[in-house]
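For this one, two forms of the same chain are given in structure tokens, first as structure 1 and then as structure 2.
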Structure 1
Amino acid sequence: MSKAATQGAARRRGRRPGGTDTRAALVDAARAVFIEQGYDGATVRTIAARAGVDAAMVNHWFGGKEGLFAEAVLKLPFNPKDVADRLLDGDVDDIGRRIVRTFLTTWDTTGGGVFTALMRSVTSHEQAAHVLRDFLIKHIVERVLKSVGLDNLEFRATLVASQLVGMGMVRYVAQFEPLSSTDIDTMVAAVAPTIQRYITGEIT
């Protein structure tokens, strides 16, 4: 069935125009417009027009241009709020282990291809890195690290990012063995002390 026919059928069944078809159409339109015009050049109005829906739907579904970019281009396979909740649920002296385990469980489950696609967009799409940073800082770093209340918060956060990004690059993108196929428990034992020190330890 053609897309127009699908949408017609949806309307006849009374589905509102702001439904999941609209959401998918916005993601497809956004990906095309962000690639053509870059993050700064793309406007919510242009994306909505391309998708044939009202611009208000962008706020409704994605909370704005940044959230739409995160979904359409970065394709994060998790909800940052859920991740923050899970990391905050426990003793801060054990947060390094929870971070490494959560990171590996999330990306091992989605498969390395999704992480590779994210890194490809970060290395080749100038704005992707900035949006990713703003997104992670807003939803995870501010909530999680600020609750720890240490000095050098931003430096600690970027050190954590450096080890996690690198672990993902070696495990999923470059696939250097044996790290690429090492079980999660062994990875946690090896890497969690690094993350723990970056968050609560002496770093200068």
Structure 2
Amino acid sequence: MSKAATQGAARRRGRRPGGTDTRAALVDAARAVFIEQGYDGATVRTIAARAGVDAAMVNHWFGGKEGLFAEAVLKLPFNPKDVADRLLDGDVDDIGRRIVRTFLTTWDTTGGGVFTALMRSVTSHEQAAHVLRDFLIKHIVERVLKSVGLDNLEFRATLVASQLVGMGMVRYVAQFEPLSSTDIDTMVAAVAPTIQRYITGEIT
């Protein structure tokens, strides 16, 4: 087989120069673009250009933008159960502080990460809203509250989620100052008491 034919075959298999896997490059590029622009703002052409591949590779590997969004954003990069277990490791009266610190530490290390992509996309992509809701409420907050044994479980869990989503929106998406650059310790001190009241305090 000629050199040109060999290179053509490699491109058809979705390989980039240097042996980098095209599929992985597209997922990484898509995650970055979805974080920056949300589902509606991101285009296949922009994602492909960021990955350094032909736009046709998106259809080849994922069937289009929808499939790429599912792979890059809707698959969470960690196990929610592990997060819930860490939150339960300690005094019940300090859960609010652990929740705020855990989420801010996780988000800050990635500039908001996939959560920013989800939050930018919830108004235009129904599945993004489902994933964000299930992640925060069902798989983490409700799991924590069930272990504590509280009443009004769903209401309390939704209140906690509303605080976390609002904090994430302001800090990473809207980037309102000074909140977007406030240090984590200060944020924990300011927000945790409200979340703690939602969990263990009187709410009715």
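Keep in mind that this is a model prediction, so the values were computed, not measured. The term rigid core refers to the most C-alpha atoms you can superpose between the two forms while keeping them within 1.5 Å. For numbering, take structure 1's sequence and count from 1.
Only structure 2 comes from the form predicted alone. Core-aligned CA deviation for G52 between structures 1 and 2: 2 Å or greater. Once both forms are fitted on their rigid core, the CA atom of E177 lies less than 2 Å apart between structures 1 and 2. After superposing the rigid core, the C-alpha of Q37 moves by 2 Å or more between structures 1 and 2. In the core-aligned comparison between structures 1 and 2, the Cα atom of D134 sits 3.3 Å away from its counterpart. The two forms, fitted on their core, place the C-alpha of A70 6.8 Å apart, compared between structures 1 and 2.
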